[in-house]
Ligand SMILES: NC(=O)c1ccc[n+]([C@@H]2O[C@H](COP(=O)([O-])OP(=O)(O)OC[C@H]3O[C@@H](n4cnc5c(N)ncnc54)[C@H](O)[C@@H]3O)[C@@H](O)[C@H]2O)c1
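First comes one chain, alone, set out as C-alpha cells in the form predicted alone.
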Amino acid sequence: MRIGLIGLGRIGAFHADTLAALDAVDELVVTDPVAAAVDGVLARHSVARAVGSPADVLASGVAGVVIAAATNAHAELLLAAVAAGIPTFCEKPVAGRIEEALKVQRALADSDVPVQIGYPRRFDPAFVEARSLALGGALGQVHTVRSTTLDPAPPPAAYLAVSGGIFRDCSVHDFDAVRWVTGQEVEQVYAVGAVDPDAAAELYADNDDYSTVSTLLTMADGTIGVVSNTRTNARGYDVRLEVHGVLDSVAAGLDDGLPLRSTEPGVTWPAGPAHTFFMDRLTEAFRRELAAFTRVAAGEIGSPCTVDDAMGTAWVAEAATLSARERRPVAIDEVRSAAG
C-alpha cells in the first residue's frame, strides 16, 4: 500500500517512522517545506520518496494520506484530500478555529470518503481496557473520571502561536479520553488557568494562553470528569486515566515509567526511568492507530474517530477556553449556539 504523509515536523517525522515499519505500507510519499526534515526521513527509510508539495502527494496514486502539518493547515489539506477521493488521517484538531472546523464538518457531511482524526489514546491498550470495563459494567455506575496530561516542557514558541491554546492543543486529548471511555457527552465545563512562576510568562501572554490548567466536566449522566494539564512537569511526561465506579476503580498509565515519586517510606515504585515525551509513552498507541488507518484506507473497517466524533471533543475545548477566560461555568450548548 502506498501512503502519503504531509508534514515532517515533530509528529510527522515520528509518523514516518511508524508508517515505514508497518507491513501494510510498501511505499511512503512524503513532503515538507523544510529540506532537512525530508532528507532525514529519506535517510532512515528506503520505502520513502519525496515530492514537492501536498498536491503532488495527492496526485501520486496514494491509497491514503496522513496529514501531520501545522494545525492552521489542517482544514485546507483535509478538504483537498477528501475532494480527491483519498481516505484521510488528520492529526487533531480538525481545524485551527472552531468556525473553520464547523465548515469542514458541514462540507463533509455527505461525503463517503473515510476520515480518521488522530486521538491515539483510543488505541493505548490500557485505555482500551479501561473503556471495556467501564462500558461493560464491571465498575458499576461510574461517578468520577480523572484524566491527566503533564508535559515536561512547552513546545516551541512557533508551535504555541498556532496551537490555539492549551485547552485546544493539550487538554483535548483528555477531553476525548473522558468522552470515549465513559461513552458520555460533556454538558458543562468549568476551567481555570495560570502561568507558573518559573514559566516564560511572555510566551503565554503573547498567545493568550496558560502553562497550567484544570477543568471540571459534567457529563450527560452526571459523571464528573477532572482534567489536569501543565507544560512544566520537569520530572517527565505523565499521561494517566482513572475511572472510579461504585463497584471498582481502575487506572491507565501506572507503569514503571510514571514520572512521580512516592513519599511513602520504603516504597520504590515506580522503578523508572520516567517517560520523557509522548513518543515513548504512546509508541504502541500510535502504531495501532496508524495500523488501523491502513485498514480504513483499504476499506476493511470504518473510521474509529470520525470528524463528527472529533467535533464533540472540539466543543469541549471551546467551552473550556471561554470558561477560563471569563471565570464561569460554560455549557456546551452555549458555544455551539455562538458558533452558529
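Bear in mind that the values here come from a model prediction, so they are computed numbers and not experimental data. Quick note: we count residues from 1 along the sequence shown, nothing fancier.
The form predicted together with the named molecule is left out here; the points below concern that form.
Contact with the named molecule, judged by heavy atoms within 4.5 Å in the predicted complex, is confined among 67-75, 259-267, 244-252, 202-210 to 67-75. No residue of the trio 126, 183 and 225 has any heavy atom within 4.5 Å of the named molecule in the predicted complex.
Residue 10 belongs to the set of residues with a heavy atom inside 4.5 Å of the named molecule in the predicted complex. Residue contact with the named molecule in the predicted complex: residue 190 places no heavy atom within 4.5 Å of it. In the predicted complex, at least one heavy atom of residue 34 sits within 4.5 Å of a heavy atom of the named molecule. For the chain shown alone, residue 3 is not a contact residue for the named molecule in the predicted complex, no non-hydrogen atom being within 4.5 angstroms. In the predicted complex, the residues of 112-131 lying within 4.5 Å of the named molecule by at least one heavy atom are, in order, 118, 120.
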